[in-house]
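The chain that follows stands alone, in the form predicted on its own, written as structure tokens.
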Amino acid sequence: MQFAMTEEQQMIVDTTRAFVEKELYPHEALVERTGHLPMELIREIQPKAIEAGLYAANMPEDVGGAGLDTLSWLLYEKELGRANYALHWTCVARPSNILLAGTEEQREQYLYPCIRGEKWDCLAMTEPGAGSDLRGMTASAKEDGGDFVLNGTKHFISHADIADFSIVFMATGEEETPRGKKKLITAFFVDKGTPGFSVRDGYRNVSHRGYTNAVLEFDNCRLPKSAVLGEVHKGFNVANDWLGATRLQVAATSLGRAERAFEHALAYSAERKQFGQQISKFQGVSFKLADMALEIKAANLLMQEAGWKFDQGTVTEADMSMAKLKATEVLAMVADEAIQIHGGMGLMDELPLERIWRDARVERIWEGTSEIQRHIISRDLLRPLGG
């Protein structure tokens, strides 16, 4: 097994980190203090990301992306993850891979404009009464004269305020299973401005300032059948086929922030003096640094193994859940310990630590809570034993 990065991967890491430090870091204070990412700033940074080859780098080469393998993409995501989330996600956009499931006509309308930086997408699954239990969604789409009529509410929908269209999952029927009736789900493209579709401001969030969430409301929103993404009643198939690596993306961006926090803690402990010596000389600090380094390395190895196995076609749900679970919990620990090492200064907004600490909280909730990840891992362990 090869643990070293290839020359190409090292170049990707170096290029992405240089871009993040030069083009994104200088604007973090503005976004953090105002809670707003101005569109003029997005339009200023976006062409620089496109020129650097970093924009839509998650996409295959044949549609205009960088064609990165999964492991290289995760290394790239980790570097982007060091910066404020709104800045790296919006200014260096990575359109959802689910757009690749569309027809050629749908690609022309939605995918290619996103890759060129002309449009943004958003993904709408979560509802007020259906978070982790997506089969429990009540928002529905019913056939009517060859069209579909959508009704219901979605919430916690990231960056829907600037998205030109939404990929919306709706209940379109039921099926009988050995465990009773289950909802059939269908995915739809819904353009902003479609009659019956409205986007409202969401909730004020302690994590990821400037990265907004919204409430989507559907009131007899009529769509043609051509708006279906994939097949009718096969929305979960589309999601499972094209969204599988999103947990690894969360792991990667979490590790980027964990490493940045650790670097601050390491440097500060070597400079700060108390009682006539560097605080790194005290075991209370040095042991924290050792634990932080150990946990970051363990999380990195889990993420990299899962990324490598994803490309080999051998990755399991448990592999991805372990990577996501470990990385997000390591981020929480490292952010907290980095602040502890800095003392009161760690909570001041002159440093990125208080932001990293706040931002860490949501990572154990979205893309599947830590409890859901543990359920997936334990189910994988017990299934061969009949448990």
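Numbers follow the displayed sequence, beginning with 1. Please read these numbers as outputs of a predicted model, since none were measured by experiment.
Although it is not shown, the form predicted in complex with a small molecule is what the next lines describe.
**Q** If you check in the model of the complex, is Ile339 within 4.5 Å of the small molecule, heavy atoms only?
**A** No, Ile339 sits far enough from the small molecule in the model of the complex that none of its heavy atoms falls within 4.5 Å.
**Q** Looking in the model of the complex, any heavy atom of Ile365 within 4.5 Å of the small molecule?
**A** Yes, contact at 4.5 Å.
**Q** Taking the shortest heavy atom distance, is Leu123 within 4.5 Å of the small molecule in the model of the complex?
**A** The answer is yes: Leu123 has a heavy atom within 4.5 Å of the small molecule.
**Q** Gly117 versus the small molecule, in the model of the complex: is there a non-hydrogen atom within 4.5 Å?
**A** Heavy-atom contact with the small molecule at 4.5 Å: absent for Gly117.
**Q** Okay, which stretch from 67 to 75, 123 to 131, 181 to 189, 219 to 227 lines the small molecule in the model of the complex, with non-hydrogen atoms inside 4.5 Å?
**A** That would be stretch 123 to 131.
**Q** Select from the listed residues Leu302, Val199, Ile157, Val238 the one whose heavy atoms reach within 4.5 Å of the small molecule in the model of the complex.
**A** Looking at the other structure, the residue within range turns out to be Ile157.
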